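In structure tokens, one chain follows: the form predicted alone.
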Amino acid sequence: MITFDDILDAYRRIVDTVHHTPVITSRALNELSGNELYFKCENFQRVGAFKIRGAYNKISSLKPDQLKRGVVAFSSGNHAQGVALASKLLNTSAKIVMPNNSPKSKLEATKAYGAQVILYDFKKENREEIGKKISEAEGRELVPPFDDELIMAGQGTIGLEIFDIIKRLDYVFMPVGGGGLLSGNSVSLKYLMSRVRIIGVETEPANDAYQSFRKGDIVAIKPPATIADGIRTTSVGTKTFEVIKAKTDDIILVSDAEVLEAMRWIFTRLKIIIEPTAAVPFAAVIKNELKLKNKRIGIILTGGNMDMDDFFDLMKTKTND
């Protein structure tokens, strides 16, 4: 299980490479929710998402002979971009296995950073198997999207930056896919704010972590049909889940429609564009299933990588409902 010291080590490796992203507030959204909200804007991070943190921490920890052989990863988009940029910065080559339904903007950005993209049919093929075969055949180091201590520690550096700005929070909400973000920041935030409650959020179709948390064992599901492409994982990782069980206070669910509503509020009030996955935790705060009132709540906006046509189509869909 990763420790707070692991996260400090990760931050020392990445601090000169990643952006120290801002925390912003909105009186209108405070009034809407009945709470004091603090949005950590990882949509302003390099590659447009938090994933560069874990990817750079992992790849920068490799030995020279490993860097010479290159790396391989599998991802729906944001981890792909993080690995691609980290590889470019560290002068190593990257092959990225991506589903054939990945957002166009994420595919193009991954290629622009210099990575070789290998597409697969997510309905018929297994991305992990493809990645492992490439790793074994070419000697490339596998850089998993979440189930790796160095990845988890890198993602957990967000908590350090939140604490730099805000010394006390009652709750922090964040999306959960494979669990790298949730596990890493559960460790950092619980260490820095001992009384804070950590809440992971999924959409209803992508409820594997929700089920796993309640059962106490990992539950796998079929590839979920949700607009939140960043959490279309079929199960949490074995390493991430051990941390989540120990450090996370709850995992709750929202609908895709509630995510769209949250995106609309953030666009109209914060004046920023985020991808659906980034809106998942704010959707939970608006829904307020936990009956929170007058609480200080941190919300991690995980990324802003979305095709503009898709974004405005979603906004029109919501407006016309």
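Residue numbers run from 1 along the displayed sequence. Owing to the predicted nature of the structure, the values given are computational and were not obtained by experimental measurement.
Here the subject shifts to the form predicted in complex with a further copy of the same chain, a form of this protein not shown in this document.
- In the model of the complex, a further copy of the same chain lies within 4.5 Å of some heavy atom of M315.
- Contact annotation for F311: at least one heavy atom lies within 4.5 Å of a further copy of the same chain in the model of the complex.
- Taking non-hydrogen atoms only, L270 approaches a further copy of the same chain to within 4.5 angstroms in the model of the complex.
- Taking the partner from elsewhere, R296 is found to have every heavy atom lying beyond 4.5 Å of a further copy of the same chain in the model of the complex.
- Screening 271-279, 287-295, 249-257, 57-65 for residues having heavy atoms within 4.5 Å of a further copy of the same chain in the model of the complex returns a single hit, 271-279.
- Taking the partner from elsewhere, every residue among H19, N43 and R264 has a non-hydrogen atom within 4.5 angstroms of a further copy of the same chain in the model of the complex.
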